[in-house]
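Here you get one chain, nothing else, as structure tokens; it is the form predicted alone.
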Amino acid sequence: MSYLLIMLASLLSCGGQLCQKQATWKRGRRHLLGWLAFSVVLLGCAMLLWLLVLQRVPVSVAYPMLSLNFIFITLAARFIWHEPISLRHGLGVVLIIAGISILGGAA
């Protein structure tokens, strides 16, 4: 259950970051404010959920799991905005996955 909460907190945090990126795509105050407001809501929910995670999981295990954000953002940027993933960046993502797997197995 704790790992599910970590995953959800990470996804909410990433959603907030992606909304900020989307806010920069079109001009117009209404567009900007709408995406930024949604970003604040998602990031606020992520923070509240993160506090719940910290009650259940040692911070030395929980915090490195936020590296999931790098994976989620990389994949979302690729599929939403068609941003390229270089070999070096892809290798970094693979190493992050390996590290999270090792940490997850140790907890």
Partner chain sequence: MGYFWALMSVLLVSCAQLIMKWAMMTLPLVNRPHELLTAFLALSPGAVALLVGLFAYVCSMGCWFLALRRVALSKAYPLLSLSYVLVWAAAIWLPWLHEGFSMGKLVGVGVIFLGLLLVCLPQRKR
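Here the structure is a predicted model, which means the values were calculated and not measured. Positions refer to the first chain, counted from 1.
Absent from the display: the form predicted together with its partner chain. The rest refers to it.
Colleague: Verify the contact flag for residue 64: yes if a non-hydrogen atom of it lies within 4.5 Å of a non-hydrogen atom of its partner chain in the model of the complex, no if not.
Modeller: Close contact exists here: in the model of the complex, residue 64 approaches its partner chain to within 4.5 Å, heavy atoms only.
Colleague: Answer with yes or no whether residue 70 is in contact with its partner chain in the model of the complex, where contact means some heavy atom within 4.5 Å.
Modeller: Yes - in the model of the complex, heavy atoms of residue 70 and its partner chain come within 4.5 Å of each other.
Colleague: Does any part of residue 7 reach within 4.5 Å of its partner chain in the model of the complex? Heavy atoms only, please.
Modeller: Residue-level check for residue 7: no, no contact with its partner chain.
Colleague: Answer with yes or no whether residue 42 is in contact with its partner chain in the model of the complex, where contact means some heavy atom within 4.5 Å.
Modeller: The answer is no: residue 42 has no heavy atom within 4.5 Å of its partner chain.
Colleague: Pull the contact list for 68-104: residues with a heavy atom within 4.5 Å of its partner chain in the model of the complex, in sequence order.
Modeller: Stretch hits, in order: 70, 86, 88, 89, 91, 92, 93, 95, 96, 98, 99, 100, 102, 103.
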